[in-house]
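In the form predicted alone, a lone chain appears below as structure tokens.
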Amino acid sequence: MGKVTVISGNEACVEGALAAGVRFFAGYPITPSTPIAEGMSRRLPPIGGKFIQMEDEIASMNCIIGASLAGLKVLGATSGPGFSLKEESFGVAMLMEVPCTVIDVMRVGPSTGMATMPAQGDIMAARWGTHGDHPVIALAPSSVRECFELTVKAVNLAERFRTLVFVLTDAILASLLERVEIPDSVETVNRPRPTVPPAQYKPYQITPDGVPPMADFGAGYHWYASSNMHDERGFLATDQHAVAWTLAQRLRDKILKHKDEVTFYSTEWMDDAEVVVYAFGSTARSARAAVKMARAKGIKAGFVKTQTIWPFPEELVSKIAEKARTIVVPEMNMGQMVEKVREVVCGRAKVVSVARVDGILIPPAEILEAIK
């Protein structure tokens, strides 16, 4: 049995991170993610963790990279403009294969936009915000309970795959209060660590599952965490072109070849569905209500909620397209997710966008009209 409580989405992210073993947080205040930093500042010191407020968003991301290199499970949190500022360091974490979890509480943008209003406009920023080809895992909760659960999963996936993982919430979930049961314990994952003597250690060794063992800085293993394209030792090689190609493929494949471990979704009313609503995040709450309303009117509507944004669940969407004649995609942006859905569907079904960028959650009635 766990503890039943009423908390916000931001508070649930804090609880999830602590349950997963996070013991270091570095951040910078920004609406509407600041309560996550405030929560970590209160909760970490009593359990031996460390909290630090940095001078800016860039420094805070670099700080959690450093703490992770030293062996700690780490968390950062930001919103909108802060996410943009961190993007160069996102690339550093990805190429150096440093486990990091970052919560992005999405708000209306670009720029200052509407700082307290919800949006889902960071979907493509999460995928392509940092330059170059790189692997991405991004999860999107739609409830306070899922804020807890997906934060735990994000920390575990970061450790499992030695990578950066995003949790994309929004300004609605940040303040939304819901009843949640916080379990006494959760399943946790620790990064793979070396079993060979220091002289034999290769920090970027090619392993069967693509994830190299990672030694803690200060544990006697001397290695170079390189942000250049590097060989297994972390150094530039004579044949840089071949090394770069090998590394890029390994970084991609260590995620894509394990998509079953990172793809989370749920479905309802799909047995006879002719029209399917494909939704994520807060919008999924309105979407599910709209599907229930449609079925009450005799419309054969189905509901799919994806918790995994990246890597994109192509197999799931392709399976929907084989059966449904129409797929409705509601999102609080100008259509970032719907274009990826259209790409995968490739004309096998009609794809309808319900897009909105005004800081207001799309109401069920608006999605119902698209279903009709």
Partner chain sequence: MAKVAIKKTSEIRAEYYRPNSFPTIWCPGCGIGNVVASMVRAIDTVGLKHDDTVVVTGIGCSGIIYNYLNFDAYHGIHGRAIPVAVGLKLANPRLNVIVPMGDGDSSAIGGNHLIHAARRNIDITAIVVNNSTYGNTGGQFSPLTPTGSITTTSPFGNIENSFDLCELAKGAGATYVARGATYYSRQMIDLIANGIRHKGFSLIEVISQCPVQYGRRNKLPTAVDLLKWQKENTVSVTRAKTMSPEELKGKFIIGELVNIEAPDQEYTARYERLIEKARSGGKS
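Bear in mind that the values here come from a model prediction, so they are computed numbers and not experimental data. Residue numbers count along the first chain shown, from 1.
Just so you know, the form predicted together with its partner chain exists too; it's not on screen, but the next bit is about it.
ask   = Looking in the predicted complex, any heavy atom of A70 within 4.5 Å of its partner chain?
value = Answer yes; at least one heavy atom of A70 falls within 4.5 Å of its partner chain in the predicted complex.
Check your understanding: With the partner left out of view, is I52 within 4.5 angstroms of its partner chain in the predicted complex by any non-hydrogen atom?
Key -> Residue-level check for I52: yes, a contact with its partner chain.
**Asked** Any chance I58 has a heavy atom within 4.5 Å of its partner chain in the predicted complex?
**Response** Flag for I58 set to yes.
Discussion item. So in the predicted complex, is its partner chain close enough to W245 to count as touching (4.5 Å, heavy atoms)?
Written reply: Judged by the heavy-atom cut-off of 4.5 Å, W245 is well away from its partner chain in the predicted complex.
Site check S89, V92 and S227: each within 4.5 Å of its partner chain in the predicted complex by heavy atom: Verified in the predicted complex; spot residues all in contact, yes.
Listed residue (P197, P110, G220, P183) with a non-hydrogen atom within 4.5 angstroms of its partner chain in the predicted complex:
After the contact test, the surviving option is G220.
Practice prompt. Check each of C63, V304, A37, I327 and return the one that places a heavy atom within 4.5 angstroms of its partner chain in the predicted complex.
Written response: Looking at C63, V304, A37, I327 one by one, just C63 meets the 4.5 Å heavy-atom criterion.
- Determine which one of 210 to 218, 158 to 166, 101 to 109, 75 to 83 lies within 4.5 Å of its partner chain in the predicted complex, judging by heavy atom distances; exactly one does. After filtering at 4.5 Å, what remains is 210 to 218.
* Determine the residues of 23 to 50 with a heavy atom within 4.5 Å of its partner chain in the predicted complex and present them in sequence order; the list may be empty. => The stretch touches the partner through F24, P45, P46, I47, G48, G49, K50.
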